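In the form predicted on its own, a lone chain appears below as structure tokens.
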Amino acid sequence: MNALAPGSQLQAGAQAFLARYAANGSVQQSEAAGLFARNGLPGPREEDWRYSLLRPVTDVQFTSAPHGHSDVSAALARLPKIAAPRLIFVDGRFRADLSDIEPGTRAGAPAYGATNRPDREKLVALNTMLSEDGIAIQVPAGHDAGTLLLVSIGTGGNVSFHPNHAVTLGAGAKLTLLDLTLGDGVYLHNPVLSATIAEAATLTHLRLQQEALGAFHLSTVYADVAASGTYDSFALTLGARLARMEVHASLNGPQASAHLNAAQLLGGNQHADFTTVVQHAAPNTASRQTVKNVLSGRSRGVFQGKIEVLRIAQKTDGYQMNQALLLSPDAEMDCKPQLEIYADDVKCSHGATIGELDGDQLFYLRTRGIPEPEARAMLVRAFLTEALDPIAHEEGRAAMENAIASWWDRNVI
């Protein structure tokens, strides 16, 4: 049998997902199915996907997760010890027996946030078409909801799951959402989360992606931020064979801000892509992005960051920086910062650096009696400190630091 061309294979993969769609779904699912049937999966001819090919995803025949309660006690034991209510999803389905339902939280059906754009993002169309479950969190005006854990566990078995979540914060409200993903085996996790942040509200979104090394993680986040509101996020990627985190933030009122910081630590043949689009749609808005990458083995990291400044968005302050540390001559980093500016009174900048560990610093530590693996670990952790510094949530930061330490112990170079 002749091998399919990449485009044909993507088309065949799209048809396999379409075959799972049940035509008696909701209106949103029916519309998304039509979009997905016409547009399919993103391919290499699309500029935003030229560095991250989905052919490995189409090599696997994914099915729906079987119904019934899997034993996930081993996975739960690997979660950070954080004292906070938690919402647990297993293979994309909400597990009420493992979760704490907080006031203002609805679980058991896809949320389909108003900011979802299945007409523009093909993976969002796939999510909407096949989503079975999700959460809707509403925080009333002026209320500080504290910390909430959103946990997704994959159990393998070549299943795919597509949870759809929505978070809505009223004026002046606050929420810290710790978004943790992990699992075992081979599976596809394609979540969508929409956040609507009202005037002077703050959503702190901390994500720790530790999927199984045979898994695929393709996530999309939308954040719509009103005047004086803040979307403050940090994403740490450690797991998955192929991962892509895509964030679309829209700053819609004066003094709105977004912080999209991230770190990617990769080894072996892992591939991870952090792609962001920040739209400044009002005057006096600010965005900050600092993305750190540590790459070993034959891993490949991707950062694509786009800042869009509309004509109305005078006094915009936008900044992005991507830095990569290559621990192997076979590792690769692709970086594509973009500025699209239609206003004339702005301050926008971007930068990128790619390099190896500093030989002089390594030599200095070795002469002080520090073994080479420990010396390399010290330099890598120092490199990552800037990315972790903005995390004000103590337990969240500790979880990130512990995850980095565990990754290094498993990937001593």
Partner chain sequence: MAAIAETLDAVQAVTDGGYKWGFSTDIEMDMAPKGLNEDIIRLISSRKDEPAWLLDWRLKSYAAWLKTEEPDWAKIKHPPIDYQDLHYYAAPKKKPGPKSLDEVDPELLRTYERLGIPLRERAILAGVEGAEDERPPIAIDAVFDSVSVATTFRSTLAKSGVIFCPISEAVRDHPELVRKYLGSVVPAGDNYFAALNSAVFTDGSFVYIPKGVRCPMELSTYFRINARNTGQFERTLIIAEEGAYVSYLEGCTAPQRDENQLHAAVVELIVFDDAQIKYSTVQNWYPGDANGKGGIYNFVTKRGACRGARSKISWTQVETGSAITWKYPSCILQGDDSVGEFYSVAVTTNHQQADTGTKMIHIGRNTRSTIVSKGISAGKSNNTYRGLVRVLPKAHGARNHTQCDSLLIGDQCGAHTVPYIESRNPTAKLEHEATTSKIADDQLFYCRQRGLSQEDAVGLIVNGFCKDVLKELPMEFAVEAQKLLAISLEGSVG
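Here the structure is a predicted model, which means the values were calculated and not measured. Positions refer to the first chain, counted from 1.
A second form of this protein, the form predicted together with its partner chain, is not displayed here; the remarks below concern that form.
Contact with its partner chain in the predicted complex, defined as any heavy atom within 4.5 Å, is confined among 328 to 336, 123 to 131, 100 to 108, 213 to 221 to 328 to 336. Interface residue among V60, A377, L362, C348 relative to its partner chain in the predicted complex, by the heavy atom within 4.5 Å criterion: C348. Though its partner chain is absent from this view, in the predicted complex it lies within 4.5 Å of a heavy atom of just one residue from A65, L53, L35, A352, which is A352. Contact annotation for Q314: at least one heavy atom lies within 4.5 Å of its partner chain in the predicted complex. Among residues of the shown chain, A343 is one whose heavy atoms approach its partner chain to within 4.5 Å in the predicted complex. Taking a 4.5 Å heavy atom cutoff to its partner chain in the predicted complex, none of the residues in 382 to 408 make contact.
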